[in-house]
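Quick heads-up: the C-alpha cells below are two forms of one chain, split into structure 1 and structure 2.
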Structure 1
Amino acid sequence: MALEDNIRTIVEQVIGELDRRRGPAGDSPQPATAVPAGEGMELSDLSGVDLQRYLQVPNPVNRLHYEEMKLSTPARLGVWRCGTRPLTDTLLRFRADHAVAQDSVMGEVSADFIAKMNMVAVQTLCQDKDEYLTRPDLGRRLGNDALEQIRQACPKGAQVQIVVADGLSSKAAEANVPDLLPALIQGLSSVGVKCNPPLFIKYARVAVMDVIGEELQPQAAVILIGERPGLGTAESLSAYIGYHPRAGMLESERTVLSNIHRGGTPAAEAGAHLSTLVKKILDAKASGVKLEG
C-alpha cells in the first residue's frame, strides 16, 4: 500500500532532521554520573552487563549449550548460587533494575521537557502521584480550570488531537516523544491530516481521552502514555487511538500500539506507523474492534 511505503520516507526524513538538530555528536545525552571528589576510578556500570551473555555457573556440564539456552530467553538463567541464594552481583542487578522501574513510576516529566515539546500542560483531578496510583477514576477526569485551558489552546472539531501522558512511566514519555511526535505529525501532514497542538496531561489514565472527545470533539484522538515498567525496560510507551472519542466509549473501541521503546518498536518508526494507522481510522470512521471487524 502506498500509505505504508510512505513510512520509510517519513522515518528517514524525521531522523535526518533530528540528527541535524542534535549536531555532529548525534548520540542521545548520557546520564550524568556523580563522581565523588577525590575518589579514583568508578566501578563499572552494573546495568551495562548483557545478562543474556553472562553465564555464572562455574563448571556446567555443557557450557556451549548453556550459552545457547540463555540466548533463547530473556529470563535470568545460569545465574548460579551461594548455598540456596543468588550471587551478589545477580542480586544487585535485580535490585538495580527494580530501582529504575520504581523511579520511573514515581518520577515526574520535567516542565522543561513539556515546554521544549511545545505542549500545553494540564492536570487531571489527581493531586499527586499517590492519588494517581490509587484512584483510577480521578485520572480519567479534568477539573474546570484544566477544561478552560484546553479550550483556549485547542480549537474544536480538529481532525486529530494528540495527547501525551506520563501514565505509569515518566521515563517513557521523555525517552520516546521527542522522536515520535514529529514523525507522527509530519506523517499525518504528508497525507493531508491536520492536528491540534499536542496536549500534555499529568496523572492521566487512557480514558481521559473520552473527556477530551466531549470537550474538543476531534474526529480522532491519540494518547501516548507510559506503560507500567517491567524489569527489562522502564521506557516503554503505548499509543491508544480512538475514533470519535466520547463519554462511555468501550475499551475495545480503541486501537492500541504498545511496546514502543528502543528494544521494541523504536519511537520514530512508531510515529510513522501511527500516522498511517490514524489515517486508516479516519478513512474507515472506526477504531478498535470495529476497525478490525
Structure 2
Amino acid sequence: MALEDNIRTIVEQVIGELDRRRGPAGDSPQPATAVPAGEGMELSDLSGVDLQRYLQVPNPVNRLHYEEMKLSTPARLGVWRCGTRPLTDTLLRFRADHAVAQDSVMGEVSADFIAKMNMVAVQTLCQDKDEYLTRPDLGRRLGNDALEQIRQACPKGAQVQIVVADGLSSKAAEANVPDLLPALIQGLSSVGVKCNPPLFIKYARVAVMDVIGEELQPQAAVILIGERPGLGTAESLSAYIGYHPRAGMLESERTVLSNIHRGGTPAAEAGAHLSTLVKKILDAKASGVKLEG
C-alpha cells in the first residue's frame, strides 16, 4: 500500500505542477514546486493540455522560433529531459494519449448516438471488436439479416448512399458526425442531389461500401469512418467516396478526404466540401484516379 501511496503522490505532484507551469498561451515552464497530495483531490486530465502551446524547455535560446515550431505540428517537439530520460510529465502525457487512443479503438459507438442521428444500424460479420481487429475480411461483409434490414430501409437506385462506420475510432464518429452529416445532406440537397437514409455499420471496413453498392445500386456511396488514432488525436475521421460502388472495386477508384477533426478540417466545413465533391463525382461519373484524370 505504501508503494501505491508514493506513486499517487508523485502523479498528483506532477499534474499539479503541469497545470501551474503551462500558464496562459503556453508560457515557459517555471521551476518545479511540489503540490501536496490529499485524499479526494481531483486530478486534471493530462490529455486536455495543448502540447503545441506548452513549452517545456526552460529558458529557450530562441523562444519565438520554438513557439513557431510547436505550433506548426502536433508532433512532440522540445519535451526536454532529465539526464538521459524524459521528464515525468512527458512520460505521463505520452501514456495518457496512448490510453485515449486505445479507448477509441476498443470503444463502441453508443446506441443513443445512432438513434439521435436517425441512422439505420446494422453489423458486419464481425461478432466483437477483437474479431474486427484480427479479421479485416469480415469487416467488409454483411450477413443476410443485415442486408434485409438495409433493403427495408433504403430503396435501390438512389443518387447517393451515406454510410457511417465506427472503423478504428469510435470517438471519431461521435465527435464529427453530428456536424458533418447535416452539412453534407443539406449541401447535397441544395444542388439537387437526393440521398437515401444514412446507414450506420458497426465493425465496418471501407470496402463494405462495395457490398452496399451491389445491394442498393446507388450512383455513388460515401462512407464516413474513424481513422486509426495516433498520439496527436483519437477523433480523426475519413470520408471515402466511390462512384458506382461494386464488388471488386479498386482502392484507387475511391476519392478520400481525411483528417476531419478539430485540429484538421472541421466537421461542418468537411461536410460542405464533401457535398461539392460528391456533385463533381456524379457529374463526371468517376471517382478516385479516374476523376483526377
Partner chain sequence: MNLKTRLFGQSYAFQSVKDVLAKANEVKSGDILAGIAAGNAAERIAAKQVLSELTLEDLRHNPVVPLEEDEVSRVIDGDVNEPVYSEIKNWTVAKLREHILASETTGGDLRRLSRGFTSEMVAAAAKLMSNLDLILGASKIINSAHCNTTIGVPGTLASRLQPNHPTDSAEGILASVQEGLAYGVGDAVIGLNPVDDSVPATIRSLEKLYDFVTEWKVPTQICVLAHITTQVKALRQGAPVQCLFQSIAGTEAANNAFGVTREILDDAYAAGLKLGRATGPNIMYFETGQGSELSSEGHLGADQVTLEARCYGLARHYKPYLVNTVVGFIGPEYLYDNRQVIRAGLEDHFMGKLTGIPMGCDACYTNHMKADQNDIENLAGLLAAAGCTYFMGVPMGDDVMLNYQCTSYHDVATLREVFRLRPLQEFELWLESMGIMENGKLTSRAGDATIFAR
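Residue indices: 1-based, along structure 1. C-alpha atoms forming the largest set that superposes within 1.5 Å between two forms make up the rigid core. Quantities reported herein were computed from a predicted structural model and do not represent experimental measurements.
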query	finding
Chain form predicted on its own: structure number out of two	2
Rigid-part match between structures 1 and 2, C126 vs G213	yes
Whole-degree rotation of one rigid part against the other between structures 1 and 2	12
Angstrom displacement of the CA atom of R63 between structures 1 and 2, core fixed	5.4
Cα displacement of P74 between structures 1 and 2, once the rigid core is superposed (Å)	3.4
